[in-house]
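Shown here is one chain on its own, the form predicted on its own, set out as structure tokens.
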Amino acid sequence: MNRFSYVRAAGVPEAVHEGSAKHVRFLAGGTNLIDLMKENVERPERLVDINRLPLNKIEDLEGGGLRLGALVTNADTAYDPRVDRRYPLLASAILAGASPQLRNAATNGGNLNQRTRCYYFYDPATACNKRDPGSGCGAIGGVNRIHAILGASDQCIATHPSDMCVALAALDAEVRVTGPDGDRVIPLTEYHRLPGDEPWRDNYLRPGELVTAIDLPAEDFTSHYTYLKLRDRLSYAFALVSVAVVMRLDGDLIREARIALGGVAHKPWRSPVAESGLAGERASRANFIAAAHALTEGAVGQGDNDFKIELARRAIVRALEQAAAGTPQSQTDKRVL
């Protein structure tokens, strides 16, 4: 770990000012950043501790929505009665991720901004364009079982590891940020970047900008939803493929369906074509299979991860069946039945 200076911000304006300098990182739960610093992947010259900022509340919004403070822990978010009652998909996704100890420390803002868990990114002795721009991508032609099948480029095939963000994408959440140029709101679906020619840029935050909150719209997806996560073991493992689904049904007629995939791209993956194709159709296996193929159109494997294409399609169908039946995946008994 390199030497660095440390400052504890007393307010949001001070944090933004301090964070606008080069080689500075904000520190909250530290569950990802500190690991990266220990591995010499991240080498900030200064840490700005934001834990004392007034961003640790969950608040009701006018019209029935909910605002999740950036410093609220993942555990407190998942177990908040309002989240559990009004946004059970989000609670389920959070509880599917990490471990209880990590959820007790990790924050909502940190979850948005966590880095990939690519083997090559974590190993400074290997080539990684995300860690060391221009060095190449060791995963392309290397060990790539956990890597992207959608939205990748010839520069990077890593994936975003969050479970929470997949649910937020399906719920059309918005991210509130503040920075040197003031406040702005970014739709969650537009927050994270695909790698393109700049894989080191994970999101669309500008220099010095700080996530302050996540807003959930007032929508009723409490009856037909599921978060299905497929992984190598049933706990404390990142998704090979995950699927968040919310639906509105009129009998067996689908009025609206939203599907977000995790573990397959640099960001939670949605397809307007796949979702619109379900609207007005019957909740049938045939229609779910068609949606799965539409959602994975253009998927490309890298050898070791070729299996993820078919796995994703089967997971989408299973998740749609769970949501339509009103039988969401249990995050206590994680077996997929």
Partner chain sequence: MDTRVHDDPSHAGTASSVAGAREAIPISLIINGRQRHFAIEPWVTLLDLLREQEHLTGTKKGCDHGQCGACTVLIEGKRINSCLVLAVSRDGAQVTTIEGLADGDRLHPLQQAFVEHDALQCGYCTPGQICSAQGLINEGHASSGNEVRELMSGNLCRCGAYTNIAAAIMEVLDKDGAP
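Residue numbers count along the first chain shown, from 1. Values in this document were obtained by computation on a predicted structure and should not be read as measured data.
There is also a form predicted together with the partner chain; it is not shown, and the following applies to it.
Not one of 83, 86 and 325 comes within 4.5 Å of the partner chain in the model of the complex, counting any heavy atom. Put simply, residue 59 is far from the partner chain in the model of the complex: not one heavy atom of it is within 4.5 Å.
When the partner chain is considered in the model of the complex, residue 95 lines it closely, a heavy atom lying within 4.5 Å.
In the model of the complex, residue 103 approaches the partner chain with a heavy atom inside 4.5 Å. Among residues of the shown chain, residue 305 is not one whose heavy atoms approach the partner chain to within 4.5 Å in the model of the complex.
Contact with the partner chain in the model of the complex, defined as any heavy atom within 4.5 Å, is confined among 60-68, 44-52, 271-279, 287-295 to 44-52. The partner is not shown here, but in the model of the complex the stretch 21-52 reaches within 4.5 angstroms of the partner chain through a heavy atom at 27, 29, 30, 31, 34, 35, 38, 39, 46, 47, 49, 51, 52.
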